[in-house]
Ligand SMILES: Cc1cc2nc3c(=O)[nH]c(=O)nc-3n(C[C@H](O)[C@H](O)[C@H](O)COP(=O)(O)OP(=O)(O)OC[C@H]3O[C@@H](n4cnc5c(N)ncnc54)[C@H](O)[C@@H]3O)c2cc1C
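Coming up is one lone chain in structure tokens, specifically the form predicted alone.
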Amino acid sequence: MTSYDAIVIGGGHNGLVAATLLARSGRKVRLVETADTLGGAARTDEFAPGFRVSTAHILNRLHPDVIRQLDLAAHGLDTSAAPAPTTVLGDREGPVTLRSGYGDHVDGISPDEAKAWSELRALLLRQAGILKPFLTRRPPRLGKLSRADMSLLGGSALALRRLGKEDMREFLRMVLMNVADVADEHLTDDRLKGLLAFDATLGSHLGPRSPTSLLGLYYRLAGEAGGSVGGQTIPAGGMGAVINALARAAAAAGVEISTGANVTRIALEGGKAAGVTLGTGEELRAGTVVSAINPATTFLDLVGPRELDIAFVRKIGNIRMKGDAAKLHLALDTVPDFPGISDADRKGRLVIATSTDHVENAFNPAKYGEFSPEPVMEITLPSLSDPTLAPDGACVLSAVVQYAPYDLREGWETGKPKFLEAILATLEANAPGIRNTIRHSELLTPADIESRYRMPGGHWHHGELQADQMLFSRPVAGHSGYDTPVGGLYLCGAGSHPGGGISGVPGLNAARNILASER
């Protein structure tokens, strides 16, 4: 039996961030990861001979505090890449391309629409700026406000007031609106509307006309990449480069890292965390246990319902976490030709979502347990930015595809080939001839994502990012933040505040919370 000051369960990016910061405080820290490699969905894997890819394929949320406090640049992470462009494909009028931080400039639209876009973009960024402090710090504890909580609320109130009367009124009117209505109020170009609809609903069981769907767009615009708000980058080396830098930072801080180490139980003594038991039977002791994995797995499987209040167990069991997004990887003989797209823009993000109706119609079948026959998707060609991901002259295509309900009515064993055919037909319509260049395809449904990455429901946020599962209610109402009803047990994964994406914020905030509480 080995003793530590803290044990971190899960070697994804949040687990690595939390473990590193705790170790830097002088604590003896052990991180245990079930898989043979670190990184979770952000690791870079070979899916065909010579072809490698990450399931998480775009970086748009890695928090500057994480980069700075872990000194990731010194550990090999290059964040100097300019924000990647976003191009909307699949429209008879041709593509539109957003430059820099979510469209500082847009190619392919009329001057009048460019003015309307600029005004809407500025408004959305101002409004996302009101929410950003809440998304990057522990949510205030309602009914038990600390000085820090009061400062956060006061600062946000001041920022809201600084918007001015008209913008303040607009924010209060829009914050719980659906993204389709907002787009219709400001824009006429269906391609821009389709992009906003897609980005607001990506990864969620929502359509653009679903109530509160605008929150998803705020969440996206609260992130940044390369110092550009709302931007995204495709890092050299793939997302695995981020994980490698985090792993080196953890090792340099003295974290003991164990892969292939499956935790089967969180041990309790006197109602408090006392360590973990591994699948090998080995017991590790620690008064602080930090879980970077799904909250439901943490409490229902590793702690056990008998150790918890029944009302809390019921809340955890009711978290909505059934994914609607699938992931496609293609090994291609050559770089696909998307007509009208320059070589430089092919290195960015390509989106097939031609209108609000396109996204809404793709969502409709998911309401009834069916996949979308005309799916919407986000595509990257990561080997163009990092040629080591594919053999010479070949190319990797990576796409997030919606909608693919976790509980497919016909079952994924039957439905998977049909859905793949629908996806490939959509790709062929936008990149003629691409089918003839496919060496190998890998389609990960939400059920596959659940199995491969141990994400219940195959949901990469570990729970829907909707109004009733965000901020003060994440992971559940009454237990927001990172500490839990079990003394010494903390959460630091995507199921805790603020949610998923490669941000490191849950790990950062959890470590800060632990260090503050143990002073």
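Everything quoted here is computed from the prediction, not taken from an experiment. One rule holds for the numbers: they count along the sequence shown, beginning at 1.
Although not depicted, the form predicted in complex with the named molecule is the subject of the following passage.
Q: State the residue from A56, M470, V66, V29 whose non-hydrogen atoms include one within 4.5 Å of the named molecule in the model of the complex.
A: If I apply the 4.5 Å criterion carefully, the residue I get is A56.
Q: So which of V263, V106, V303, L221 gets a non-hydrogen atom within 4.5 Å of the named molecule in the model of the complex?
A: None of the others qualify; the residue that does is V263.
Q: So, a 4.5 angstroms cut-off on heavy atom distances: do all three of N60, M239 and R454 pass it with respect to the named molecule in the model of the complex?
A: So, yes: the whole triplet contacts the named molecule.
Q: Decide whether L196 counts as a contact residue for the named molecule in the model of the complex under a heavy atom distance cut-off of 4.5 Å.
A: Residue-level check for L196: no, no contact with the named molecule.
Q: Decide whether A19 counts as a contact residue for the named molecule in the model of the complex under a heavy atom distance cut-off of 4.5 Å.
A: Outside the cut-off, so no.
Q: Taking the named molecule as it sits in the model of the complex, is L98 in contact with it (heavy atom to heavy atom, 4.5 Å or less)?
A: No, L98 stays farther than 4.5 Å from the named molecule in the model of the complex.
Q: Determine whether any heavy atom of P498 comes within 4.5 Å of a heavy atom of the named molecule in the model of the complex, and answer yes or no.
A: No, P498 is distant from the partner.
Q: Have a look at 287-295, 305-313, 210-218, 78-86 and name the one stretch with heavy atoms inside 4.5 Å of the named molecule in the model of the complex.
A: That would be stretch 287-295.
Q: What residues in 448-484 sit within 4.5 Å of the named molecule in the model of the complex, counting heavy atoms only?
A: Contacting residues: I449, Y453, R454, M455, G458, W460, H462.
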